[in-house]
Every structure is written in structure tokens, then in C-alpha cells.
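Just the one chain here, laid out as C-alpha cells, in the form predicted alone.
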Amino acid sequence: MLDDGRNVDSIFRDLEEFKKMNMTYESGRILGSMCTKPDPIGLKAYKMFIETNLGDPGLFEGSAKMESQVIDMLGKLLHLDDASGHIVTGGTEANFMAMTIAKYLFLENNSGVPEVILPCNAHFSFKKICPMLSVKPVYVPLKDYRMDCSVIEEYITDNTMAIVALAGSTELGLVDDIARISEIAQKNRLYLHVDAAFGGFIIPFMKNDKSHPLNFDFSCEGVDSITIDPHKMGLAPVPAGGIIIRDKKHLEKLSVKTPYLTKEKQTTVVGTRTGASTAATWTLLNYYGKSGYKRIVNESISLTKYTYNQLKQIPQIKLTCKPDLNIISFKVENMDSKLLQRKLLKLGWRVSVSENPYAMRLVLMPHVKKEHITEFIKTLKKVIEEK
């Protein structure tokens, strides 16, 4: 830090230089991110409420009321009346809250080391959460890249505190058989958390395929909580995650006294919490409604199908699986995926590589358009031919 402040113009010249280093969503070349360009309407609302703090809701009653309405709207979207929960920083914090609740419930009647059953492709946030909570992760193998429901009960012990299922896996965007997992959780009286950070704003708006229904929410009676991120397909500015909880008594497990603030207690991990994310989410839910989000989702799904079919026509490409949502995975014959990633990056394309399976990963978010995919396919073919 300088002894004296700098001229504002020189500061903003530097800021412009920093900004130039960033990739932009408008370019359509960000093909590996689950986030997208925030909607301008949401950004306007975000800026209006930038100074509000939901950690001290008595000072910002309007922001607190908006959060209550957002949780109610998201709850109803997920087939739950009288929902509890919060708008938080993202999926990691939401998953952390769910696992903390599950652990507190477990410790009420048990003294062993709590265990959580996870699919092998669970989000990496659980690799942070489990050691932080002193919880033992127990990984269930996959079948067709989804949690193998036929073996889940083999992994249940007296110390099992919860099961986690995925509605839109990070690497492939696939949805576990949550209806069946829900039955297993109910039968064994286990807490069931669904990580729908990605799929939560997609699946409810998709055209219903009766041959392959994606039941994932509170309509499955065994589901206790769901992570859903407005800052992904909800088009809200980062950070805007969400945790929706079936039983308000479960949320109260996180309650701590806050004697010097305007409310007596908090039920979130983060104390100081911007109301701007809630305002943006509230605005977008009201602005788009179900019909607006259906249009956005179906455009991304349509582009995903187009991209999938274009890749299918390239002889050297082997597609991993048929997409459930708007993520595509593929390998190129006799070419390492990391090497291909580096070659594409040199040409201006940011594509990610998944770990399980080890393959290229494309996420077709709303900022990606057909013309971007046409250009990408041409570039990809050129890179493959040069090899």
C-alpha cells in the first residue's frame, strides 16, 4: 500500500488492463464453465442492494423479506411448500450446511465417527467438507457414470449419517436415480441430500421425457435438502448459491446466538452476507417466470444436442455418454485430453478436462451460441488433423 493515494484515472487505467486479461462470456469461447454472463436485469438489482447485509437482517428488513420469498419460490419449484433455507455463496457452502445438519442429527443418538455415502463422482466440495467436519466419506461405485443404486445398502453401517445424490454431476451433467435412492434413505432412516447445484435450475424447466424421467426433488419423500445455484443456469451474478431444506427444525440445528445484532440468531455459515445476491435472484425469478426459464433451458439443451451430433460425425472422436443436461464429454483417438486442452487454449478456447472419466468436457451455457460451436468444431477438426 502506498503512503498516499493514487489518482483515480490512473487506478482505472490499471483496472482496464487487468480486465483485458480476463476471458469474456460474450466471446463464446468459455466452454468449460458452469457459470455464465449474468442477466443485466439481475445485475441492476444486485447493484441496488450492494450495501445490504443479511447477516444483520433487522437493519435490512426488505432484503430479508426478499430472501424469504426467494426460498419460497425455489421451494415450490422443487415441489416443496413451506420451504426453509438461505441464499448463500454457492454449492460448496450449501453442501457444507447440509452435511453439518446431517452430522448434528446423527450425533443426537450416536457416538461413532459419522460416515456419509457419496457417489464416486461427487463434487470436489465434499473433499473439503468431510475433513472439516471430521466425517468419513464412503464412496459408492458408478454404473453408467451414475451412482450404482443396487449396491448402496452394502455401504450402510451403524455410523452412516447421510447419503448424497447428484442431480447434474459436475463432470458429465448426469442425474442419479434419486427416486430409488430416496426409497433407500427412507427405509434406512437416513438423511438424503441432493446436490443439484447445476441441475436445479435446469431439470424443472426441461421438456418432460416420459421414457427417461429425471425425478430429483422433494417430490421424492426421502429428500431432506437440495443445493441449487442461481448463479449457474439461473443467470444471477456470482455469488448466488442456495440451500433448500424440507424441515425447518433441521435448519434450526445450525442456529447460533447473535446477541449484539438486530436478530437473536443466525442459521448460516457466513455471518456477513450480501443481500445483493438475493435481490438479483428475486428479480430474475419474477422477471423470467417458468416460461422464461423454459425458453433459456431448452435453447441450451437444443444447442447441446446440435453439438453432440456435430461431434458424433468426427471419426476420431468417441463420445462418453448421451447427455442428460447441457454437458458433453468426449475423447479424441490417440490424443491425450490435457494436450488437446492446451492446444485449444493456445487458439483461444477454454475447454475443461474431467477426471472421471478422463476426457474433454464442454458445458453449453446460455452465453454459447450456435455460431460459436460452428467455429469451435472447425478449430477442433483442424487440431485433430494437424496431429
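Remember, it's a predicted structure, so these values are computed and weren't measured experimentally. Don't overthink the numbering: it's just position in the shown sequence, from 1.
There is another form of the same protein, the form predicted together with a further copy of the same chain; it is not shown, and what comes next is about it.
A.B. asks: Using heavy atoms and a 4.5 Å limit, would one call Glu221 a contact residue for a further copy of the same chain in the predicted bound form?
C.D. replies: Close contact is absent here: in the predicted bound form, Glu221 is far from a further copy of the same chain, nothing within 4.5 Å, heavy atoms only.
A.B. asks: Please tell me whether any heavy atom belonging to Asp82 falls inside 4.5 Å of a heavy atom of a further copy of the same chain, as the geometry stands in the predicted bound form.
C.D. replies: No, Asp82 stays farther than 4.5 Å from a further copy of the same chain in the predicted bound form.
A.B. asks: Please tell me whether any heavy atom belonging to Tyr191 falls inside 4.5 Å of a heavy atom of a further copy of the same chain, as the geometry stands in the predicted bound form.
C.D. replies: Outside the cut-off, so no.
A.B. asks: Answer for Thr262 alone: is it within 4.5 Å of a further copy of the same chain in the predicted bound form, judged on heavy atom distances?
C.D. replies: Yes, Thr262 lies within 4.5 Å of a further copy of the same chain in the predicted bound form.
A.B. asks: So a further copy of the same chain isn't shown here. In the predicted bound form, which residue out of Leu77, Leu311, Leu251, Ile203 has a non-hydrogen atom within 4.5 Å of it?
C.D. replies: Of the listed residues, the single hit is Leu77.
A.B. asks: Among Ser134, Ser111, Ser302, Ser150, which has at least one heavy atom within 4.5 Å of a further copy of the same chain in the predicted bound form?
C.D. replies: Residue within 4.5 Å of the partner: Ser134.
A.B. asks: Among 150-158, 175-183, 286-294, 303-311, which stretch sits within 4.5 Å of a further copy of the same chain in the predicted bound form, heavy atoms only?
C.D. replies: Selected stretch: 286-294.
A.B. asks: Output the sequence-ordered list of residues from 7-28 with at least one heavy atom within 4.5 Å of a further copy of the same chain in the predicted bound form.
C.D. replies: In sequence order, Val8, Ile11, Phe12, Asp14, Leu15, Glu16, Phe18, Lys19, Met21, Asn22, Met23, Thr24, Tyr25 come within 4.5 Å of the partner.
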